[in-house]
Structures are given as structure tokens and as C-alpha cells.
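Let's start with one chain on its own, the form predicted on its own, as C-alpha cells.
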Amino acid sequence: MTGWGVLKSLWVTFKHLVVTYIEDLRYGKRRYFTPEGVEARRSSDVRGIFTVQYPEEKLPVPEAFRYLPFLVYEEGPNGEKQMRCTSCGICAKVCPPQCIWIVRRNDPQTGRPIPAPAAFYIDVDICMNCGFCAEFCPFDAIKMDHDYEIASYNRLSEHIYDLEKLAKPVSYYASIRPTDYALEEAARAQKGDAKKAGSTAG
């Protein structure tokens, strides 16, 4: 036990300290609080410090990153929300922790069900972020969000999301998942063309 290993580890730490200051001088103000600086510090050949100064700096999340579900709505010509959700209940059935509750809407005159939710709740503290709800939804009405900063002081008022809190426009979905959105729109257009061709042939 000569302590040689301890001295070697201290030397490595000291080298990292010195290199950090050298890199700071080399990059200048671009080293911190800029997208370029974050990318440089998260690369495989980073030298010196690579800590991200959260929350002022945040690592970009990949497009396929999933956190909490949200409901997609189309924006009508007069600005009204046209929910894609038909309250079919498939998402609630496949949800492993059973954190989704749906109240179906009924026609007040006939009492028949209307394909739209009267209420939609997700307990985000129970949600395990598996994405089954989005995967099994036949109407592309529920998707997984990128927003992971949901800390609050009141669980009951803040962490049980209702229809208003869950609803986000399709333009938002296109902005966070452009690849998936483009594929879905292409598939939807192809299905529409096939339907038109079928009706024309008939």
C-alpha cells in the first residue's frame, strides 16, 4: 500500500482541471449556454469538463424520446378544436398501470354516443411512459410528448391532466416528431387515394 494509485487518480483529476481552463480559453463565451457549447461537451471527444449547467442548459432530446401522452387535435377553419380522439377506450384498456380515464360524450337528444370524449384524464404520476396508448390508438389521436419538466408542489391539482391540459395541436406534434408525422401523413394520403380509387371503380 504505497498510495501510488491515489496519486495517479489525483493526477488525472488535475489534468482534467487544467484542460478545462484551456478549453474555456479556446472556446470563449461559446463554451457555455449556447447550443454549440452543449454539443461540444456532449461529443465523444470532449476534453475537460463536460457537465451541462442545468436548468440554464438542457440536453436536446432525440425525436423518438417519449415522456407523457397528449391528445392531438386538428385546428378548424374558425380556430375550433377538432379532437381526433373518438373515446373508443383502447388506450385505457392497453395501459399497463391503468392511469387513463375516459368519459364518453352522448347526444342529449337521443342518448346515443358521440365519437368524442366528454372528459379525459391521465394520472401522470402513475404513467410509466411506455407509449402503448400511442402505439395502439387507431386514430393517431394520442402521442408521446417531449416535455419532462413537470415538478410541482401539488400532486392532485397539477399531476392529474384533464382534457384541456392534454390537448395540443397537430402542428405541435409535427414540430417535435417531424419524421413520424411525415410518415403518418403519407400513409393517410395513400389510404385516401386508395379509397377514392375504390369508389371510382365501384
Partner chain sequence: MSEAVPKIAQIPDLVNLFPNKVQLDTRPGYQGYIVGREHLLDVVRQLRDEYGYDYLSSVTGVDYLPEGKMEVVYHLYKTLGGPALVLKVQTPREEPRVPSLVPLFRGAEFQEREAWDLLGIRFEGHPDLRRILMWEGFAGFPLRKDWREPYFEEEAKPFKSRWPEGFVFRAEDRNPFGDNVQYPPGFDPETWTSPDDEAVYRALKRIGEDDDFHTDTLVVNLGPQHPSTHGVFRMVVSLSEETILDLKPIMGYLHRNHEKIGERNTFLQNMPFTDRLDYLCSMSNNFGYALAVEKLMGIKPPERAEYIRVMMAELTRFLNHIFAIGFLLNDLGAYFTPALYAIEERELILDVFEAVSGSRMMCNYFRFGGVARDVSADILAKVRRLVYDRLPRKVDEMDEFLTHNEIVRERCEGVGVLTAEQAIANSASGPVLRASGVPYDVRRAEPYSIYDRLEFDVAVRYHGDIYDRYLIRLDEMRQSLRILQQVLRDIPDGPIMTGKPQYQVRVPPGEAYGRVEGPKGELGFYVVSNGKPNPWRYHVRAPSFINLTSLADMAIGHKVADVVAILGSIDIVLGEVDR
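Note that the rigid core is defined as the largest set of C-alphas that superpose within 1.5 Å between two forms. Residue numbers count along the first chain shown, from 1. Worth saying up front: this structure is predicted, and the values here are computed from it rather than measured.
FYI, the form predicted in complex with the partner chain isn't displayed, but the following is about it.
K.L.:
When the partner chain is placed as it is in the model of the complex, are S9, G48 and D123 each within 4.5 Å of it, taking any non-hydrogen atom of the residue?
P.N.:
Judged in the model of the complex, S9, G48 and D123 all sit within 4.5 Å of the partner chain.
K.L.:
Report whether the minimum heavy atom distance between F65 and the partner chain in the model of the complex is within 4.5 Å.
P.N.:
Answer yes; at least one heavy atom of F65 falls within 4.5 Å of the partner chain in the model of the complex.
K.L.:
I'd like to know whether A174 contacts the partner chain in the model of the complex, with contact meaning heavy atoms within 4.5 angstroms.
P.N.:
Result no; A174 lies far from the partner chain in the model of the complex.
K.L.:
Indicate whether A151 is a 4.5 Å heavy atom neighbour of the partner chain in the model of the complex.
P.N.:
Outside the cut-off, so no.
K.L.:
Within 4.5 Å, heavy atoms only: does G76 come near the partner chain in the model of the complex?
P.N.:
It does not: once the partner chain is placed as it appears in the model of the complex, G76 has no heavy atom within 4.5 Å of it.
K.L.:
At a 4.5 angstroms cut-off on non-hydrogen atoms, which residues of 76-109 are near the partner chain in the model of the complex? List them in order.
P.N.:
Heavy-atom contacts to the partner chain in the model of the complex: S87, C88, G89, I90, A92, K93, V94, C95, P96, P97, Q98, I100, W101, I102, V103, R104.
K.L.:
Comparing between this form and the one not shown on the rigid core: C-alpha of R31 shifted by 2 Å or more?
P.N.:
Superposed on the core, R31 moves its C-alpha 2 Å or more between this form and the one not shown.
K.L.:
Does H16 move appreciably between this form and the one not shown, meaning a CA displacement of 2 Å or more on the superposed rigid core?
P.N.:
Yes; H16 is a residue whose C-alpha shifts (by 2 Å or more) between this form and the one not shown when the cores are overlaid.
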